[in-house]
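What follows is one chain in structure tokens, specifically the form predicted alone.
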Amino acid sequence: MQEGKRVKKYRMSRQRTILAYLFLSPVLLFFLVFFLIPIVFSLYISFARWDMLTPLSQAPLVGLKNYQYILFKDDLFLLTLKNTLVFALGTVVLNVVLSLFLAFLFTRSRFKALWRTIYWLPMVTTVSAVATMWQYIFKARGLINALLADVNISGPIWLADPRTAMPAVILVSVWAGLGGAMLIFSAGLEGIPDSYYEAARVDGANVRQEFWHITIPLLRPTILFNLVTGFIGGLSSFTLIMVMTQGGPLNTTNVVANYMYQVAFSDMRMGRASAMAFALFGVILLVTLIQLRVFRRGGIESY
């Protein structure tokens, strides 16, 4: 009798498992076709010399030569890697600082829903549309230079000057991503119990002390999330720079994703472009692990 119950229970458990996999099969199939297979294919191509015009079966395997070339002989790749790190660091630092400040400011406002909507609008606008709009704003006779001319300041040609092109692109990237980070910080702030602030006020703490000794420590997981996702987005940025500057002037805004596109579809060197993609993945993974380690040392796990 007991044996029969066990067999029946086992069969029911097996049927539920099969049913669960059937429900998951569309997602698993999508993951396999559009994610796993392309990654494996790209990894194979990174060890080959393939121009996309010859059959893949005739593409010679060159081992690690593509990686050796981009890391030790391709000065432009190293320059774009440096530009990518500068762009990501500038974007993330400004984005986190400004979005945290605005979220802290507007969470206490009666019109916080309105402010969230206003700052969220760039997030629902396509990157190409945002880049095109700011191109006109940064023109020699654009809005910014017109405002500077009103106070007798001669503005530069922002996107054509090597000294101002990268700061201008970083500014646009921060503006476009401010709403998302601000919304996440707002959710984190609203999750902090008011009892902490009430106890601090009883002890005589002011707003600045509350912010540094209550808000920041309790927001560490949220800050980490915005830092990690911000760096991943910044290091893999492509569309914004492609539309605004095409990597110019003089490659001062050329990033790895943009250079990778040029190598793959202009130079027809798909093997080197794939090697660049995996090198960029390595950088993203390293930066993410460093951030996680730094925050864990600071006590994030205690929250």
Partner chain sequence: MSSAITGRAERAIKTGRAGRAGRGVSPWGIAGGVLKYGILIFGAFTIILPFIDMFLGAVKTIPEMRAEPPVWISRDPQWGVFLEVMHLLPMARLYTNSFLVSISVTFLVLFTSALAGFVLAKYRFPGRDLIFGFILATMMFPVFLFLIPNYYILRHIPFVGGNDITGWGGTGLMHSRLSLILPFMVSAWGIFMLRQFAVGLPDELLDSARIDGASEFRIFWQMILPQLKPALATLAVFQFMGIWNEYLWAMTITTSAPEMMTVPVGIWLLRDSLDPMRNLALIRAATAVAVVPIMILFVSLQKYYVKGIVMTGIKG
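Bear in mind the structure is a predicted one, so any value in this text is a computation, not a measurement. Numbering follows the first chain given and starts at 1. Basically, rigid core = biggest C-alpha set you can superpose within 1.5 Å across the two forms.
Below, we refer to the form predicted in complex with its partner chain, which is not included among the displayed structures.
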query: Contact flag, Ile184 vs its partner chain in the model of the complex, heavy atom cut 4.5 Å; finding: yes
query: Its partner chain contact in the model of the complex: Lys73, any heavy atom under 4.5 Å; finding: no
query: Partner proximity in the model of the complex: Pro162 to its partner chain, non-hydrogen atom cutoff 4.5 Å; finding: no
query: Partner proximity in the model of the complex: Lys82 to its partner chain, non-hydrogen atom cutoff 4.5 Å; finding: no
query: Single option in Ala146, Ala200, Ile157, Val97 placed near its partner chain in the model of the complex, where near means a heavy atom within 4.5 Å; finding: Ala146
query: Output flag, Ile37, Trp120 and Leu280 jointly within 4.5 Å of its partner chain in the model of the complex, heavy atom basis; finding: yes
query: Heavy atom within 4.5 Å of its partner chain in the model of the complex - qualifying residues of 203-236; finding: Val207, Glu210, Pro221, Thr222, Phe225, Ile232, Ser236
query: Flag for Ala20, CA shift 2 Å or larger between the shown form and the other one after aligning core; finding: yes
